[in-house]
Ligand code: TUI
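We begin with a single chain expressed as structure tokens, specifically the form predicted on its own.
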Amino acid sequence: MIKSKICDLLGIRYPVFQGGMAWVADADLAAAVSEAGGLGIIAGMNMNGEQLRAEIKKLRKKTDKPFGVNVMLMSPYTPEVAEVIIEEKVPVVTTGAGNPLAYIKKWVDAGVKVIPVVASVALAKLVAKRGATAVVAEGGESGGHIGEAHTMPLIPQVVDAVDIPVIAAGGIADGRGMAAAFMLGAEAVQMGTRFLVAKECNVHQVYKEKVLKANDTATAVNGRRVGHPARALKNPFTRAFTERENAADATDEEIMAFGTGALRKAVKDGDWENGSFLCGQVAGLVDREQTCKEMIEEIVSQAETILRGAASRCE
């Protein structure tokens, strides 16, 4: 069975993280992933402290396995969320949408394992120096907010730059992706798009159906003009967003406002016309709904077979 430093470090069976997707990664999905042997992660998004506390308690009623919380650092509630994480003794924190340096020491001193999501070698080195337990290096193939570097070149460069474990993310949805990540030096993988169609995932059924029907060219990136690029399935919303971005008379404030609330419309309402269906380029490999347990065990089994086969080629 595939095992890595991350498994021992976090007390999980399989080196598989579930991405902290806003509006998607709730207690139900995170608990199912953790119960299946991976690391389930609750998305803190714009929750206040008490809302997050309630979600943590809900998860703990479903599983006693390790789990994490993803903190969106640009949220105005981050300071109170940071305290709730300590009070609730959350085992693992991942961070995104900002720089976590103001919180790392406080969390580490409280026994929390801090694993920032990074999109560059520079940020990986910075958080490692400040005490991060590991980093998630996320390539631009992923869904949601992305950086410029792609997974294949990013992972080995981050692995070479830091002396802490690296989790690979972006464009990984099956055992082939997991095997490739390990060959690049990663200790685990993080997946988001694959878990969108998990039976325990509470996104609207329209969202799941659109992911299942997607192909290799089904996504587009909006938001580069305002410095917040995000990858989503192509739909009327992304086309309208592109038009606004390309309009000479549109201000950055107008463009940012145009996208407000669009993710919720996709996740909760299944609104294909006006919703932002965040999704990675790997959607074309996602072809059926499964339980989280089925997904994780299938992916790990595939990766084991591939890695054994790779070794035999050197004989």
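We number the residues from 1 along the sequence you see. Quantities reported herein were computed from a predicted structural model and do not represent experimental measurements.
Absent from the display: the form predicted in complex with the ligand. The rest refers to it.
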Check your understanding: Hey, in the predicted complex, is V300 touching the ligand, heavy atoms inside 4.5 Å?
Key -> no
Point to revise | the ligand contact at T242 in the predicted complex, heavy atom, 4.5 Å | key: no
Point to revise | Exercise: H145 in contact with the ligand in the predicted complex, heavy atom 4.5 Å | key: yes
Exercise for review: Verify the contact flag for L278: yes if a non-hydrogen atom of it lies within 4.5 Å of a non-hydrogen atom of the ligand in the predicted complex, no if not.
Suggested key: yes
Study note, to complete from the structure: Per contact check vs the ligand in the predicted complex (non-hydrogen atom within 4.5 angstroms), the hit among 197-205, 92-100, 77-85, 171-179 is 92-100
Review point. Looking at A214, V112, A132, A119, which has any heavy atom no more than 4.5 Å from the ligand in the predicted complex?
Key: A119
Revision key, fill the gap. The listed residue (V267, L52, V286, M45) that reaches within 4.5 Å of the ligand in the predicted complex by any heavy atom is M45
Point to revise | Interface residues of 218-253 toward the ligand, as seen in the predicted complex [heavy atoms, 4.5 Å] | key: A230
